[in-house]
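Look below for two forms of one protein chain, each set out as structure tokens: first structure 1, then structure 2.
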Structure 1
Amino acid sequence: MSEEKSLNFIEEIVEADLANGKYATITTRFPPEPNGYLHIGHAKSICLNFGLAKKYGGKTNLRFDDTNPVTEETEYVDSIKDDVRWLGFSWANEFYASDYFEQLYGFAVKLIEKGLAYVDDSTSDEIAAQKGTPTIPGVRNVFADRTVAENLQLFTDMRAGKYPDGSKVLRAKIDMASPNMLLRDPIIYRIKHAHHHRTGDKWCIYPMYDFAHGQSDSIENITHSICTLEFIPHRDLYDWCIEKLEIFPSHQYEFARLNMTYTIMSKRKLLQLVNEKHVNGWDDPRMSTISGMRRRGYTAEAIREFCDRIGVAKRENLIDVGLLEFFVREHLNKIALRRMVVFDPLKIVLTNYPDTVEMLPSENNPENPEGGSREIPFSKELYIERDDFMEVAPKKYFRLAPGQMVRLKSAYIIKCEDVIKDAEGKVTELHCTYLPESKSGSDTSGIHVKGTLHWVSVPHAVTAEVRLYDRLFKVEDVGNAEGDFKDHINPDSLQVISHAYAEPALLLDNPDDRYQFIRKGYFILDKDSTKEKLVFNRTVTLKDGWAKETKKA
């Protein structure tokens, strides 16, 4: 199988199970609750579950864990399916825990018949109080002594809708003194007169996670049921149900969930950001949701590489978001079309350039010779970036300064002759001369300059809106930071450049294309774009060695 690359602990389990004949083939599942959009943490789980099946020739089901009707919606189901597909995976079957409600009900009846479940009329407070604490054993109440016949009748009546919400629950009869709190007669069914997104009003009792998940796995013959660390204590109950019900023995394995710097990974908090309008929806490009990252321009390939690289283990972790960005850059560098866009323009007049327009060819991607080239209009009046000029420049500044020369990308070398200012002393334009013999591709000037700038021809410039995103939070470990997580929101996470100047080639390209705005970063067209108004999202910046250099000083 894999000789070079080392295995993670789950792959080792799978290989052992396959090698010793425990299973001929494996089946995994990705089991989201449709109560929110998927985020990068889910991507790790998706890559793990689908990746395992792919690697070992098994299959993976997509199963919606929809046992709590009050939080779940079809919108979420649809978005989850979109996201999994976009990530590049296809499921063997699309299942729903709600598909199994009848079967699950039967399992509960079986437990009652075996004397292993009872109907409890206590309030939730009473149940909590009787449960004890981790160091004090719980105590059973009188309802635990109800007869099988009585329990059967009561449970039937619960299903029939004879009781209001909260008035009764079905509990598994296990061990009120167990050191594992989850085994102290856990609730397995509760009454909820609520509309379910798939079963409608057919049911008014719903199984709890612990009575649905393992059994669903079992029904689907899941061999390796992989979940996150917080479910470790649930494994005893998972196994207990399977054993008492005498059904296919799926096994649960747990790995550490992904945590990432400067982001949150909780659906509850993500929902809060959406509801309270701290962001513009679940697919806001600043969100750690898969749909947000997609809109921002991250590629599925980069996300998969990231998930592969971070590994799977049981130790808690906090991964540098910079690692994700590394994989995004690595991929985009290979596929992005190079374009020139000026965000903050400073006008340049080439005093010795004729009143004509030249079309200059420029490669689409230096990393890919087959990527071809496009023609860029060049004229007497150009825009360059305002911070590519300094009137008084430090020593290692390779850009424009009075008397200094730079190369204009794919065009000529120019020299700054005159600085024009307004009454306040603000630089309004630069008068430069160009070296005709320095034309890109046929340079005979013999001059080598250190700096190369991007530029746009003034009369040909296309205006566009550019949205620059920064991290949504100001602190590294948002989850463990003091106070409310919203206190740490970065107020400057979105900067809008409403009038950037772009080379005209950007009008012609395909909306799915990825761009590198030379010296600026990677960009993608946003869905808010129209024919009249282009809108671009910055996916990620380029690494900036100069910024690092200046920061040091």
Structure 2
Amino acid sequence: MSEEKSLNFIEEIVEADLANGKYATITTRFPPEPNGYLHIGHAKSICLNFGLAKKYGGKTNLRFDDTNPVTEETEYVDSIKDDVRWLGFSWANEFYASDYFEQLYGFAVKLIEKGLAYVDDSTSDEIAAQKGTPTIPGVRNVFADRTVAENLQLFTDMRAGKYPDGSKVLRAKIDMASPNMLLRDPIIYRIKHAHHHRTGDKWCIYPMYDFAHGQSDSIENITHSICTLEFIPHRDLYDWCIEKLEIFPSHQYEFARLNMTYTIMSKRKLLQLVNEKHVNGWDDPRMSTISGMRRRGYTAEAIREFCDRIGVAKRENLIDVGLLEFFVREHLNKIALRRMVVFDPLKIVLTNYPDTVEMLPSENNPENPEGGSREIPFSKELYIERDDFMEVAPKKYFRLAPGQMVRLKSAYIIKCEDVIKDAEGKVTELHCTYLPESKSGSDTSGIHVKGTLHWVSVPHAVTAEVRLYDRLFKVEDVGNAEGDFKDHINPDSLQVISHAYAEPALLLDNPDDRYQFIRKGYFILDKDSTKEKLVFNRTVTLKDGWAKETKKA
């Protein structure tokens, strides 16, 4: 009997809240800012918020915190919705912070009326200087003494567009001596004459994130507002706004964000990689974006399993990306169709095989008995991998060598009889014989060989481009590495094989199928593929070879 999984600290809070009647049901939210594509760190938050609601019979809202019109685009909104759906989740409601601009404006007016907010004409540098330091209290300027009526009129005029960007801000009036610097009269509204992706040019003042976030949670009756640890200092302002506005008391809880080796989790830095052409777009398979991982062939099931396994903690730590790759391999091993593809071909001619074609059956996936089989054409001319042959072989070399025998996968045992070379001495062709009685599934030869090679029939081979992706960065902890993070980009993160040779079954498969190219790794068809040219992306290797390579280095 398997041991029941223990609760994480947020689940303990939720269960206590439900048990003591604090809430009849829970409501969570996933609140991305639409200023970039989601990455694997967001996947952890998605799985947590949607998973909690599902486990405890609640609901999750998808809310776009679109309060900064300069950086936000509809393209990002659409990509975020695609990613959440692909991960396997459905939201109860789709909301936008911009839906609440009128209410948020009203909340700001209420604070002004209570004497808890004022319009400040200071420059950003002056405001920063007046805030003091963690050990020196801040000081208020003369603008903090404006009357309620004056502040209401100025705020109305700000909304009406009477002032240029940066000329005035609205600040909450809290405590300039607070040990929490974020409570030293924080800015809650700024002037920004910019076109908004949803509200157009209706507004020229926009709420700051810290002002919009808690109130948006409250408007939606969010019971458990789950953020990452960097928002701990923001919680005091979150609670202050809710208390002073006397609105639904949403509460914020913080957990450790996902930090992963050889990976960056910053939309700003990811955008830099895209804009500076270090990668080919947000969905480049080397990116840590969900869309990049999807294009690379990662499965939603593997990502969900990974997020579940790493759990929810209160302390930051660095997770090995190899763990994510492990779950990807585990899932793909169960579902991937086995196919034979030769990357660096060496031609062999079976001198005693007839000039006919034989169709040989082979399992699609030995891990899945219900996966069926396909037929592979076999002829007297075949391709094998060049590195599966060695002219002068050492002892315990079980692949092909002069006078040595190997088995061809799902086919016959063959023996290398002659080596053909060109004028420069390069091996161009091998002449071999096959044992007719050694056919896989009905072998009566009595010969046992230790090596099994994959192969492709030359006249039936389908040409394909294969993109071998590896980790984008060379250092484990990219975020804390010295110098510019781009200095640590792995120059070998992409290797392109322009002319690989594949068995023809790849022409018949579903574009969404996952493959194990036998002895090579796991692959998926890329969106760049056409009927004339197949393009495959390597998802992961069969084993984690990266650790061995880094130890060598």
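All figures in this text were calculated on a predicted structure; none of them were measured in a lab. Superpose the two forms; the largest set of C-alphas matching within 1.5 Å is the rigid core. Quick note, the numbers are simply positions in structure 1, starting from 1.
Shown second, as structure 2, is the form predicted on its own. Relative to the superposed core, Ile310 undergoes a Cα shift smaller than 2 Å between the two structures. Once both forms are fitted on their rigid core, the CA atom of Ile136 lies less than 2 Å apart between the two structures. Once you line up the core between the two structures, the Cα of Ala300 stays within less than 2 Å of where it was. Taking the core as the fixed frame between the two structures, we note the C-alpha of Lys421 moving 2.7 angstrom.
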